[in-house]
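In the form predicted alone, a lone chain appears below as structure tokens.
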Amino acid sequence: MRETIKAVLAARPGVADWLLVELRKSGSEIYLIGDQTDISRAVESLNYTLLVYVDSETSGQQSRGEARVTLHPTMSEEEVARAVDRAIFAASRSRNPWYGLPEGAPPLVALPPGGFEGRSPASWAAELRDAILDAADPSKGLAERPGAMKGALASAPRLNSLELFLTKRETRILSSRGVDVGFSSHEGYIEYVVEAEGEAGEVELFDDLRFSEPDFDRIGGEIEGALALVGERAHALPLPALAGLPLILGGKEAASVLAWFFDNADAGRMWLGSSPFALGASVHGDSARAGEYDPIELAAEAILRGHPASAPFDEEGVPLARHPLVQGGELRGLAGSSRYSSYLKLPVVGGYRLFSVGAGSLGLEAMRARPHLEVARFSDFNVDPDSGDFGGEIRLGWHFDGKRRVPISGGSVTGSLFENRGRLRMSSEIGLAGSMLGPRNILLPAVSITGAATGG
């Protein structure tokens, strides 16, 4: 199929450049209802993503357009040709300032040996399922769950349902500029619902986890932690009206807040004028005062051990390596595609999906020492990359008034990173969450808290 696509492209003089990504997937899927397997199946797929580039010139100014098309191995040469022609036409209607594609280059880093190699995805998936069911065994009881609140429940917290996917991904990237690289990796993903029943009735919590290694302690710990949390939610009280309290976030929510800094250290956002940052300036803003915040140390990462998005090349075939972006709170570099990097006359370092943030100055217990609201689960939590606004509806959290720490549910929190970036505190504890290796918790001092509606 690759040769068919290349032959079609060679026969079309209107194509100035092209980029082809071949992605082959083979894996296993398991669906659980309670502790019983509902569906177990093998899956395979092979797809090609082709980008074609068409150049033109107007009044002496050279421009370039691009268009993307997905091709399937079942397509005939005639079908491929029609799809390519449609992409050429679409690309010819675009007039962007001209930019070149990266040339082929050797890797700068190597993926670590895959922990899922040596056995079929189906075999590994079955072992993962068994480890998950062992972690979720209701006979362990709530008292054995780490961090669980001790109190009467109508039944032990339990696994309601779970979907497990384990996929081997084989990627090959080719281009008209001599790129021809390939690498393979594994992607594991679980999505699950846990439930418990308390005085107010049955409650649920949803979560998911991505991984690239058979780290049974990490995966089992996530399940056990979720069961402990849903046990606390069964005792949670409605969030009261509160004001003036800082917010503690952890896990994926902390990572999504810190991802705002990573996302805005991007050449594309800088070129388009949507990033609030400037090279050489503080990402914490002009109002930040020493001692009131933790200066961010942030780097784009090619590889984070245990994360399935780790890769030695980006989608254009640019070799990746650790690339510092923010040092001492100051923006020192940008990452991004070859197009926008060339527009900014910066070295092309590639587009990254992963990042790291250095540890902060506070331990979690120090964060918890004064009155606060801590939220562990939201029904949805969003951070707007443009406005910096964040917020979500609370499914489980804790209110600490200086004496008592009480589980709460309902209500919501909102805030702006423009108001918090100069006062942001980060924990000294480090962990992997979302697309980040960084502080496990952050403290945001300026938030609005809306209490839960109680009816009546």
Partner chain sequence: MIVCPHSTFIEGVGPLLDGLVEGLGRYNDFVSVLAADDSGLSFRAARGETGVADSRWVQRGLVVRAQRGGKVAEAAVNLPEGPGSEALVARVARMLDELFVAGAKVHPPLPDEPARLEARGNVAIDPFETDPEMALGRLASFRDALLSAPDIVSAEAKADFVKVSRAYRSRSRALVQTFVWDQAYLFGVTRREDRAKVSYRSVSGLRGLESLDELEAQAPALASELAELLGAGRVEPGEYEVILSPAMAGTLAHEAFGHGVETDMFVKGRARARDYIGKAVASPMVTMYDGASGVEQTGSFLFDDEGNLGRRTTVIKDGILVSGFSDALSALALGIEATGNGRREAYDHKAYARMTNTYFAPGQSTLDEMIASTRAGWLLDRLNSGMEDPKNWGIQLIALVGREIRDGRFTGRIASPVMCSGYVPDVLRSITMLSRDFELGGSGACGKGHKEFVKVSEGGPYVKTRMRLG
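Note that the structure is a prediction, hence the values are computed from the model and not measured. Numbering follows the first chain given and starts at 1.
The same protein also has a form predicted in complex with the partner chain, omitted here; what follows describes it.
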Does any part of E292 reach within 4.5 Å of the partner chain in the predicted complex? Heavy atoms only, please. no
Evaluate G391 for contact with the partner chain in the predicted complex, applying a 4.5 angstroms cut-off between non-hydrogen atoms, and reply yes or no. yes
4.5 Å heavy atom contact, F418 to the partner chain in the predicted complex: yes
Would G273 show up as a contact with the partner chain in the predicted complex if we use heavy atoms at 4.5 Å? yes
Does each of R12, W98 and A433 have at least one heavy atom within 4.5 Å of the partner chain in the predicted complex? no
Go through 360-368, 170-178, 220-228, 265-273 and give me the stretch that gets within 4.5 Å of the partner chain in the predicted complex, heavy atoms only. 265-273
Of the residues spanning 396-415, the ones with some heavy atom within 4.5 Å of the partner chain in the predicted complex are G411, S412, V413, T414, G415
